[in-house]
Structures are given as C-alpha cells and as structure tokens.
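Just one chain follows, in the form predicted alone, and it is written as structure tokens.
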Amino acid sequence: MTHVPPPFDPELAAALELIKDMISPGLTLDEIAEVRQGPGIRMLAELDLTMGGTFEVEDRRVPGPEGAPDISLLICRPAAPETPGPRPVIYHVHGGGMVIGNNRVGVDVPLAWAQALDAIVVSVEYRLAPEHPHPAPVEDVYAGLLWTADHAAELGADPERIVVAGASAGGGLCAALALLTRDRKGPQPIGQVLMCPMLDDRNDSPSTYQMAGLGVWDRTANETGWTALLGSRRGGPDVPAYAAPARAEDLTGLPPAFLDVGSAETFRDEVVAYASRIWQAGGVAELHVWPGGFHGFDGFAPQAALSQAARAAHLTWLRRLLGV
C-alpha cells in the first residue's frame, strides 16, 4: 500500500523550505545531545519573558516527586493586574519529544494568552529521557501542579481555574497529567489544551506512514522519543496510560479538552482518535484539524494565515472556558 501524504498549506510549505537545512524530521538517539545544544535552545536565553514589562518573572525551585530532585518552575505574574482577586493559571508543559527542552520552550504561547486573559503562567521543567525514562517526566509535571495548587494564594492564583497546556510532548504530558491527577484525586484542572499532542507510542497509524521523512517530526523521530521514554516496552502490551495516554481504557471524568493538529503531520490520526474517545466516554472536547498544517506549524511560521487562525482558536476557547 502506498502512503500519499496530504499537501502542505502553501504558506507553510514555503516556511518548511526555509528551515529544512536546520531541522531534520528524523531525529535519532545519537543526535539528541547535539540538538540539546542547538541554536534554538540557546536563543531561549534571549527571550523577554516579561513581555515588555507585562509580567514579573521568577524562577523557583520547588519539591519534586518523593525521593527525586527538586524541580524548576518559571512563574510569570501580571505586573499590573487588570482586576483585583485571584487570577487563572496556565500551567504549561514544554515540548521536545520527551528528550529536549526546558521550561522556556514554547512559553511565548501561554504568555500571549495570559496577557490577553490577565492570567498567571507557571511553566514546569521536567527530567528528560533517555537519562530519566518514564515515570520521571510525568511525575515531575504532577509535582509542579501540586505545588502550584497548594501555593495558589501566595501566587495570587485561583486553584479552581488552572488550565494545563502544552504542545507536542508537552501536550502528551498534559493529557497524562489529567489522567494521573484524576486517579490520584489531586488538583482538578478546569481544562486541558493539547496542541499537536504526542499520545501514542505504537507509532503505527496511517499518518505516521504518510509523513515519513516529511515535516519536522516523522515516525523515525517519534520512535526515538518513545524509545527514549519507554525503552524496550515501546509498542508492547504493557505501556501505562500515564506514559502514553492513547493507551488509557477509561477517559471519563476528564476536564474539557481543546485538541488541535495539522492534517499533514505524524500525530494527526492519534489526536483525532483521542478526541473521539473523549466524546465516546461522555466527555467534552473541541477538535481542530488544520488543513495542510505540519507539526508545530504555528511556532515555525507564526505569521501564516493558518497559524493566526490556530492561535485565535486557542484564545477563543480559553475565553469561553474561563468566562473572561
């Protein structure tokens, strides 16, 4: 059977052409160390996290999981709040295929939401695979959520209005976090924003084959990320849902979800399936499949019309969820 890929949106195809020599779609295990030191990561140090003075920015070390090291939280609070009282929190989990990144990666997106919503951003840094396989990443993310909810008053935050949000691996970890905190009866987020989330370790959907060698994250890279997280268990029968949320048998009792994905990316089919299963379980989900979008397109080409539409959809959903 041949796997003909869907076409890229013309604006996005032009953006891919510009970055093709900097980003290979097929990350391998022996390339992880080099990519961790690449220009994209180094540029994060130059980000103006205050957004021109809008936010007061703090890095704080807080307790990690029991018996594990402390974790780092990036906390961004409005410098001049628009209204009195506790504010909503965007609890952000960064992407990077489970193997790359820190709590600055992708944080410009929730900061833009927070600027519009008068909200607080807490971005968690978690231990990376393969040095720290499952369950280290999701347990770090859970520990950060516990601290954020427990210290809401100190932050000027409303513990009843915490939205978990992430892209790619961060989206997958947010989905896993929603399952974990439901089952442990921990803090209950008011919503989850899962942007092109990494959900299924099996790496065997039609879209994984269609997009082989294309875009910025293909099935070779996907196998690398999941193998780093799970080792020899990847793709086997005993993968827990807290590692790969697509493995969850019970999707009841989850917070409302916003999911989006490009039509021309590896994760398309698993994201569509996850949204469908939330509906089948009686849950609430809004799903967008962006025609011609590659993985993470709005971050690589933020000025493209499709990127603008995607970012507007995120904010519209958050406004409705939070009533602001």
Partner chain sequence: MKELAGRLTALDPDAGAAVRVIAYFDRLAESRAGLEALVRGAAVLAGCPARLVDPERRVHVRVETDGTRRDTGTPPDPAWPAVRLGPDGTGMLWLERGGDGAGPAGSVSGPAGVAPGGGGDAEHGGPAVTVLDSRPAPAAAPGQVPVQPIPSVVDAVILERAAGAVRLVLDRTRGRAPAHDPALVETLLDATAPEPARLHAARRLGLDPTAPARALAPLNGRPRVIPDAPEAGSGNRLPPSASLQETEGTDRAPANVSADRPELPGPPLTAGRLGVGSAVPVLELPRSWAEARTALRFTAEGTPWDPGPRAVYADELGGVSLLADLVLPGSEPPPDVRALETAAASAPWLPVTLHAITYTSSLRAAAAEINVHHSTLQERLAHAEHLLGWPIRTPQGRLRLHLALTMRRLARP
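The shown structure was predicted, so the numbers you read here are calculated from the model rather than taken from an experiment. Residue numbers count along the first chain shown, from 1.
There is another form of the same protein, the form predicted together with its partner chain; it is not shown, and what comes next is about it.
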From A273, M43, L29, V289: within 4.5 Å of its partner chain in the predicted bound form by heavy atoms is M43
Can you pick the one in A285, V57, V62, M51 that has a heavy atom within 4.5 Å of its partner chain in the predicted bound form? M51
When the contact criterion is heavy atoms within 4.5 Å, does G96 count as touching its partner chain in the predicted bound form? yes
Residue-level contact is defined here as any heavy atom of the residue lying within 4.5 Å of its partner chain in the predicted bound form; does G299 satisfy this criterion? yes
Taking any heavy atom pair closer than or equal to 4.5 Å as contact, tell me whether W217 reaches its partner chain in the predicted bound form. yes
Can you tell me whether V109 touches its partner chain? I mean in the predicted bound form, with a 4.5 angstroms heavy atom cut-off. yes
Assess the spot marked by A15, V105 and A304: is its partner chain within 4.5 Å of a heavy atom from every one of these residues in the predicted bound form? yes
Partner-proximal stretch of 35-43, 65-73, 277-285, 251-259 relative to its partner chain in the predicted bound form, 4.5 angstroms, heavy atom: 35-43
Within 5-31, the residues having any heavy atom within 4.5 Å of its partner chain in the predicted bound form are P10, E11, A13, A14, A15, E17, L18, I19, D21, M22, I23
